[in-house]
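A single chain, nothing else alongside it, follows as structure tokens in the form predicted alone.
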Amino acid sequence: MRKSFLIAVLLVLGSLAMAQVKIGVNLELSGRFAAIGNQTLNGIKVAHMQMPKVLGQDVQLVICDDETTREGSIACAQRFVNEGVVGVLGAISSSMSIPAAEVLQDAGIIMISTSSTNPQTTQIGKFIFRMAYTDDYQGKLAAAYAVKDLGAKKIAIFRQIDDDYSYGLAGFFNETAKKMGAKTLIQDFVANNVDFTAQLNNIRSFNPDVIYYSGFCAEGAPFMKQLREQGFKQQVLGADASDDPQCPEGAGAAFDGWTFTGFATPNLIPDPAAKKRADAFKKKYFEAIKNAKPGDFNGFVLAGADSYNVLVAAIKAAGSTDINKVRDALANLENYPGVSGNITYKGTDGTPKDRTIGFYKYVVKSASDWKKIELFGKSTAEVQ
């Protein structure tokens, strides 16, 4: 009798020891956005190292590479539905996040996009959250900088028409710039475009004061090389997709002076306590990621880490891995002390109440000799 009881206890303890909380990770680990995807994954991994357990159970990261395709992102989402994850972190881009969100919302599984900025993402349903700001704020801040700080009266806008992020961001920028009195001229291109001759010829007679580029570095590198080779000397502004080594490493000195908005790094976070947390995480990051270069640590890393952090915090607050309870705890999160700043979802559509957008500039001597200069940070609360 005693022996049977002991065996039963051991079996129960063994099953508890084997129990795991599964969290899906859907990221662009190969393809056009691989650099940003892997930076984000490293942020998640370091956060996981710091908090490997929740509710006494090991957290297992189930990692899926969406290969920077919509089809791949949908396949990852469907895999996570079948594997019974509590929630999903990612994707990074809006074009991969939106189709995954539709699958996960229908299945009733939590998703936290690490860096999708298209407002539509969190409007898909109550299970969908993000760690980033949205493009209405990013576009407005960038347009105000172009018109007020740079004195632009005419702005040429380059947008990727087959990408939700680039197209939407360009629209917000264009709307604000025109409201502020600037004239604009929009030029379209598609993914994998490497020849911008026609677009550059179109803007020559317009003679813009500033050029705004809302696309990614895969196309941004040939764009900048051709822009400078054809004699255009105007200031170019980019957005958070520019925070990618593919830009300076792909175009070299042509990227010198490129200014862009992006996730705020520690020095640009206004709250001293948040900056202290971010600096401590940065130290841990370089201890853990042995092959990391200085330029690899950016806001995407912090966004990945905090996506993991808030999901674990919600599981703790719920005291359960029941997805509906975790979702409700996440939706009621207030002032979570994240490494990217304080995070509040309560009273929002799944977008953090206030985020800091950083302004940066590339200083580039060559493809192998470049650095990113931190200029200043702006709160999204300033344009709400």
Partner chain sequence: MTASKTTSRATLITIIITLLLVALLGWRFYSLGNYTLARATQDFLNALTLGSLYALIALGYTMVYGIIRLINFAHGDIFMLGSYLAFYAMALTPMHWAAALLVTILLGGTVLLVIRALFNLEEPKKTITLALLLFAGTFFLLAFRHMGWIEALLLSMLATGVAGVLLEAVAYRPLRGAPRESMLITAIAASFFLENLGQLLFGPRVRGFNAETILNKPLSFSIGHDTVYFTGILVMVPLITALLLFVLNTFVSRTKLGKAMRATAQDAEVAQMMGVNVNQVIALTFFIGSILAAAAGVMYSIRFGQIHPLMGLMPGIKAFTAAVIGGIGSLPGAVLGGLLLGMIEIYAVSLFPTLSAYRDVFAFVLLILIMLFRPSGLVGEDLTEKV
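This is a predicted model, so every value here is computed, not measured. Residue numbers count along the first chain shown, from 1.
The same protein also has a form predicted in complex with its partner chain, omitted here; what follows describes it.
Its partner chain in the predicted bound form comes within 4.5 Å of no heavy atom belonging to I63. For the chain shown alone, F189 is a contact residue for its partner chain in the predicted bound form, at least one non-hydrogen atom being within 4.5 angstroms.
A residue is said to contact a partner when one of its heavy atoms sits within 4.5 Å of a partner heavy atom; A35 meets this definition for its partner chain in the predicted bound form. Among residues of the shown chain, D149 is not one whose heavy atoms approach its partner chain to within 4.5 Å in the predicted bound form. Annotated contact segment (heavy atom within 4.5 Å of its partner chain in the predicted bound form): 227 to 235, selected among 273 to 281, 227 to 235, 86 to 94, 260 to 268. Put simply, of D256, D296, E102, D136 only one has a heavy atom within 4.5 Å of its partner chain in the predicted bound form, and it is D296. Here the marked residues S30, N193 and P222 all reach its partner chain in the predicted bound form, each with a heavy atom within 4.5 angstroms. Residues from 338 to 371 that approach its partner chain in the predicted bound form with a non-hydrogen atom within 4.5 Å are limited to A367.
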